[in-house]
Ligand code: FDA
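Presented as structure tokens, the chain that follows is alone, the form predicted on its own.
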Amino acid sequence: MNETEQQLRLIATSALKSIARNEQIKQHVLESESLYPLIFRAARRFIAGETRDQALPEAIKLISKGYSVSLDCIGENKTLEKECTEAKNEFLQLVRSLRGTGHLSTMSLDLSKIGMMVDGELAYRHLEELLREASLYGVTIMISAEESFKTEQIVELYKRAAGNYVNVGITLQAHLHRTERDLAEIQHYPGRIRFVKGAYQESEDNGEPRSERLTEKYLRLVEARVASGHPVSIATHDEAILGELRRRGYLGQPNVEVEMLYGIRADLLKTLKDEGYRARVYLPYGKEWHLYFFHRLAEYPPNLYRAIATIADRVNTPDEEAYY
């Protein structure tokens, strides 16, 4: 890729992330009888469905093939208590649906969907209710990453919950400057830590851009967590990172799993699973897929070509890497 192509890709990535955060565009798409089905057709590659009943059969199918799953009714930034309670109740039903899958299933959620944007205490009450219920069924709850301005509160709520429950984990973003400090603070808790590079657009004051420095930082974070003996999810599609971690012997450690997003590099995850490594699929569902979908396009802008082809009904089946 030459310099001009690289600059254009960065511009496209920035534009797609801006679209992802634009509430006016989001509402227009979600409320449009013509646009919604067209764009959802493209988003469907990355989404298990709009409802729990659509997502659960896909989860069961993946489990039957030897994968673990992490289900998430996606959405965030609820500002009304009623909406937060409705979201909490959906997650309660999801927890109960995962009964019997044990360690093969976790449930992921954004704290801003269950109350954090209204009141931290509301979010904690909802999280605690979910953790109590999840503990009855052997289900782990993974707290997802959000924008950097929420990170302090997310970490504090996690520490509070992790002091009382062992079935709660947290997602840390390698690109944030604060992450090594956060890891040091929570390293002693027994819950799983999921490391991602970070999809949110952050200023240079808050985050490290995609670079070799970020790759090295990601490797350091994983190395520190593996050495602690506590559970860790390596949530990346980066073959260079995975290759280096395999070379160092980390992927085969009993506290390590590799996690990838549904519909992205299924071929690579299948190869790792077939080689005996623990493999997990992050499986989102729900009607609030706008932010998630445009972040997937922003991470790899060539996905936009396929999305356009799908909207135009030029692609009728997933490509090979969408199969597990």
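Bear in mind that the values here come from a model prediction, so they are computed numbers and not experimental data. All residue numbers are counted from 1 along the displayed sequence.
Below: the form predicted together with dihydroflavine-adenine dinucleotide, not depicted.
task = Look up in the model of the complex whether Tyr282 has a non-hydrogen atom within 4.5 angstroms of dihydroflavine-adenine dinucleotide, and give yes or no.
result = Tyr282 belongs to the contact set for dihydroflavine-adenine dinucleotide.
query = Given that the partner is absent here, does Ala48 sit within 4.5 Å of dihydroflavine-adenine dinucleotide in the model of the complex, heavy atoms only?
reply = No, Ala48 is distant from the partner.
inquiry  = Under a 4.5 Å heavy atom criterion, is Glu288 part of the interface with dihydroflavine-adenine dinucleotide in the model of the complex?
reply    = Looking in the model of the complex, residue contacts with dihydroflavine-adenine dinucleotide do not include Glu288, since no heavy atom lies within 4.5 Å.
inquiry  = Taking any heavy atom pair closer than or equal to 4.5 Å as contact, tell me whether Ala59 reaches dihydroflavine-adenine dinucleotide in the model of the complex.
reply    = The answer is no: Ala59 has no heavy atom within 4.5 Å of dihydroflavine-adenine dinucleotide.
ask   = Using a 4.5 Å cut on heavy atoms, which of Arg194, His126, Lys78, Arg225 is close to dihydroflavine-adenine dinucleotide in the model of the complex?
value = Of Arg194, His126, Lys78, Arg225, the residue with a heavy atom within 4.5 Å of dihydroflavine-adenine dinucleotide in the model of the complex is Arg194.
task = Could you spot which one of Ile63, Leu272, Val256, Ile264 gets a heavy atom to within 4.5 Å of dihydroflavine-adenine dinucleotide in the model of the complex?
result = Only one option qualifies, and that one is Ile264.
ask   = Based on heavy atom distances of at most 4.5 Å to dihydroflavine-adenine dinucleotide in the model of the complex, which listed stretch, 165 to 173, 184 to 192, 126 to 134, 244 to 252, is the contact stretch?
value = Going by heavy atoms within 4.5 Å, the stretch is 165 to 173.
Heavy atom of each of Phe91, Glu121 and Ile141 within 4.5 Å of dihydroflavine-adenine dinucleotide in the model of the complex = No, because Phe91, Glu121 and Ile141 lack any heavy atom that approaches dihydroflavine-adenine dinucleotide to within 4.5 Å in the model of the complex.
inquiry  = Going through 192 to 214, which residues have a heavy atom within 4.5 Å of dihydroflavine-adenine dinucleotide in the model of the complex? Please give them in sequence order.
reply    = Stretch hits, in order: Arg194, Val196, Lys197, Gly198, Ala199, Tyr200, Arg210.
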